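A single chain, nothing else alongside it, follows as structure tokens in the form predicted on its own.
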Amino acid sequence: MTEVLADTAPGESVSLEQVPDDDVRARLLRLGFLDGTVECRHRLRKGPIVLRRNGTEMALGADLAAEIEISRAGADR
């Protein structure tokens, strides 16, 4: 079963595995969000998800978060 970023809870760490939008993937790569685990800082109900990595925070819309596939930190690949 594929998990998506929209399923994460605040405080949870995940790795972003598949980002469907090329522009968003390039932006996340430049900011280092694809190089390791990211922390879900906040999640607004039916709203954006705020991610944090190395002191940088970024908000992603709920629709985009529902399309980004993740793996849980510590889960077998």
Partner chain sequence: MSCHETRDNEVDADETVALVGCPNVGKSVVFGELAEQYVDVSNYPGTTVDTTEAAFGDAKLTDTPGVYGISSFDEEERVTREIVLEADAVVNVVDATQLNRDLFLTLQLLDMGIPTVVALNMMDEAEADGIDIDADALEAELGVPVVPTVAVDGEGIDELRDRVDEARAPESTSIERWFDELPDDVEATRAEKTLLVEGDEPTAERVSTGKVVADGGVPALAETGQREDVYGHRRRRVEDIVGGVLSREERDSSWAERFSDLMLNPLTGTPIALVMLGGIFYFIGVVVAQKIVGFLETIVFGEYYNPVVNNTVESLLPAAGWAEPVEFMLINGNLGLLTITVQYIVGVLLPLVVAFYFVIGILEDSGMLPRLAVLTDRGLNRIGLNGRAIVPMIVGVGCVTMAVITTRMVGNRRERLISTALLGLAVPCSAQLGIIMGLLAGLGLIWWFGYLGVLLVVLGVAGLFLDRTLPGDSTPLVTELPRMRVPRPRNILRKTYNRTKMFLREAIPLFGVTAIAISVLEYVGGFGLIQRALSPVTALVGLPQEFARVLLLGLVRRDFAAAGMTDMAFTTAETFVGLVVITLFVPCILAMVMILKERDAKSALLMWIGSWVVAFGVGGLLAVIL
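Numbering follows the first chain given and starts at 1. Model, not experiment: these values are computed from the prediction.
Just so you know, the form predicted together with its partner chain exists too; it's not on screen, but the next bit is about it.
Heavy atoms of A66 never reach within 4.5 Å of its partner chain in the model of the complex, leaving it off the interface. Shown alone here, L16 lies farther than 4.5 Å from its partner chain in the model of the complex, counting heavy atoms only. Within 4.5 Å of any heavy atom of its partner chain in the model of the complex lies no heavy atom of G11. Contact check for C40: no non-hydrogen atom falls within 4.5 Å of its partner chain in the model of the complex.
Heavy atoms closer than or equal to 4.5 Å to its partner chain in the model of the complex belong, across 31-49, to the residues L31, G32, D35, R41, H42, L44, R45, K46, G47, P48, ordered by sequence position.
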